[in-house]
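So this first bit is one chain, no partners, the form predicted on its own, shown in structure tokens.
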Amino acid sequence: MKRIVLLVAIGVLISASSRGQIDKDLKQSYVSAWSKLIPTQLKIQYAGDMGFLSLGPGWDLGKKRRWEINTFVGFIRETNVSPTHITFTLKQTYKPFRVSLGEKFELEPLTAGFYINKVFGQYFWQRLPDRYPKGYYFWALNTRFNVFLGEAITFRFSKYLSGDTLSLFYEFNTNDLYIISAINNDYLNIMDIINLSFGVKFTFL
């Protein structure tokens, strides 16, 4: 009888120990999963068909950090005929390779990607207003699909912000509406449908 009680006690202890390790591993996996939601960078972009100025967090993806996802909130400035409008942009960037320029600088000679931009406000509609005949416009005025090519140069901090970097970039972009408008339109050339934008990226993780 004593032997049976002893075996049961040992079994309970082993089970409790295993469960504790499982709980610890499970907790660690949850922490690891949630930590991926923490942004690794912050970007500010001027122009680019996403507003006058846009700001938002981003995430580096992949083992070599060649992919980025960014979200932006921006604004379109007020004009004589239109109030200020808020914009939201979801952007995907791919950086196929980097070139080291010494200890502190790094060049990304090619960046490419796409982004979806939405403008909020009464002048940018999703569905065709009643004042227009059916089929007059077949596109939503408040949503644009953009593609871009660009370049970036990065400075690596070495002292007070060791491990962090600051990048300057520029991009050429166009969108679905520009491309459709240029097809079979002899009055539009390539420069009429391409825009130039600039930006700054601070990477802190």
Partner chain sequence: MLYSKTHIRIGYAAICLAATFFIGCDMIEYHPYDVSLSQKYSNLNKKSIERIASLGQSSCDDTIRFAFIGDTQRSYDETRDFVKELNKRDDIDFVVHGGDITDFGMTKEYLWMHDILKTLKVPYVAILGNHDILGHGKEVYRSIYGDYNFSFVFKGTKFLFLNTCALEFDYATPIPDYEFLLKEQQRKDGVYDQTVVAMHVQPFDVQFNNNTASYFESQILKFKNPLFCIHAHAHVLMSNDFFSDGLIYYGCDDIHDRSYMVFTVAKGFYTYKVVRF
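Just so we're clear, the structure is a prediction, and the values are computed from it rather than from any experiment. Numbering follows the first chain given and starts at 1.
Below, we turn to the form predicted in complex with its partner chain, even though it does not appear here.
Within 4.5 Å of some heavy atom of its partner chain in the model of the complex lies at least one heavy atom of residue 124.
The closest heavy atom approach of residue 43 to its partner chain in the model of the complex falls outside 4.5 Å.
Interface membership of residue 76, defined by any non-hydrogen atom within 4.5 Å of its partner chain in the model of the complex, is confirmed. When its partner chain is considered in the model of the complex, residue 85 lines it closely, a heavy atom lying within 4.5 Å. Considering its partner chain in the model of the complex, the lone stretch of 62 to 70, 31 to 39, 159 to 167, 132 to 140 in range is 132 to 140 [heavy atom distance within 4.5 Å].
In the model of the complex, 172, 175, 177, 178, 180 are the residues of 162 to 180 with at least one heavy atom within 4.5 Å of its partner chain, listed from first to last.
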